[in-house]
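In the form predicted alone, a lone chain appears below as structure tokens.
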Amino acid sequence: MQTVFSIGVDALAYGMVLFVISIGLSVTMGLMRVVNLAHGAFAMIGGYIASYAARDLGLAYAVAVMLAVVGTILIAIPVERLLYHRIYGQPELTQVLMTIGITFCVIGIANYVFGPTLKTIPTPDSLREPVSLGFRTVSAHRLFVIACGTAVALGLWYFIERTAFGVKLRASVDNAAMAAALGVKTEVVYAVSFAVAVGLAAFGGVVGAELLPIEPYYALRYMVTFLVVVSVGGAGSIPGALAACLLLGAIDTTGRYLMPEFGEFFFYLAVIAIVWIFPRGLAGRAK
């Protein structure tokens, strides 16, 4: 029972980390129609900023997280205006080539500036201590990650489905020309949506650094994982992305606990099975 409980907690925490990072990619792919393979690079940038702020500058963990999110968004804004703006509405191959190029540029800059070493993000004592549930102790950091994932899911759903900006975003996606004719500033909508997606990637990269370590090739190492999660969940669907992350996180964690020699075999076997049954993803939208 202890093993089952440990698998459950680790699987839930891992799934939530995948969700917080990947949901931004789901937004850009499903709502903005951009295949952004550089999404993991922004999560890596957030991790590097947080590591520098917390470890080298000695700032508090909460401050490091905020600096990581804000700093990554500030870096991403000119990139969106100069590069991403050029590929909106372009063929998917063009988007892939552009974003994969951005990924390699970020990796090269990270290696040059910070060196090819693993980056750690010191956590406060309150997150390192175990929390007693009466019948079992659980890592406080795991509970923190789970809480963050839950908050992001609820907050983003409300932002897209219940706010005026969400209405404008969905209108711009359905018919950009008509939305613009009705006074919606579609370029601003896309820029803000991109900033939110990048900010979530940075936030997930920081809070999930214990499960997905920050290193120079982070963006490439987890690129397929993030893309797979979005494809399985259905691009643009928050419930679908959450379900995919929790399901694949549970399968991957269970496999690593019970049969570690198989590596990611069960993860990708599950991906093949789900995509075969649900070609558009668990909650994919018909085109």
Partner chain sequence: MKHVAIAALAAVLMGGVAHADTIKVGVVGPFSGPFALQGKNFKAGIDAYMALNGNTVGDDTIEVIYRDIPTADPAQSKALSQELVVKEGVQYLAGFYFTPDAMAATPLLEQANVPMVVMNAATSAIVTKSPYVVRTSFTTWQTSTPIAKVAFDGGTRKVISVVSDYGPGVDAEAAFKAGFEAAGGEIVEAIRMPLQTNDFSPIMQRIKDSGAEGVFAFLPSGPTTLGFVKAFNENGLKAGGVKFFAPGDLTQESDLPALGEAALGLTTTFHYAVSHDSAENKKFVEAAGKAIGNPAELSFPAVGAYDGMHVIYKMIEATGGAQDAAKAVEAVKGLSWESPRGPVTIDAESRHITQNIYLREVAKADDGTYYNKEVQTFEKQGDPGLAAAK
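Just so it is clear, the model here is predicted, and its values are computed rather than measured. For clarity, a rigid core is taken as the largest C-alpha set superposing within 1.5 Å between two forms. Positions refer to the first chain, counted from 1.
There is also a form predicted together with the partner chain; it is not shown, and the following applies to it.
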4.5 Å heavy atom contact, residue 63 and the partner chain in the predicted bound form: no
Heavy atom of residue 117 within 4.5 Å of the partner chain in the predicted bound form: yes
The partner chain contact in the predicted bound form: residue 128, any heavy atom under 4.5 Å: yes
Heavy atom of residue 210 within 4.5 Å of the partner chain in the predicted bound form: yes
In the predicted bound form, segment of 157 to 165, 193 to 201, 179 to 187, 117 to 125 with a heavy atom within 4.5 Å of the partner chain: 117 to 125
In the predicted bound form, residues of 230 to 261 near the partner chain [heavy atom within 4.5 Å]: 253, 256, 257, 258, 259, 260, 261
Core fit, then residue 33 C-alpha moves 2 Å or more between the shown form and the other one: no
Core fit, then residue 259 C-alpha moves 2 Å or more between the shown form and the other one: yes
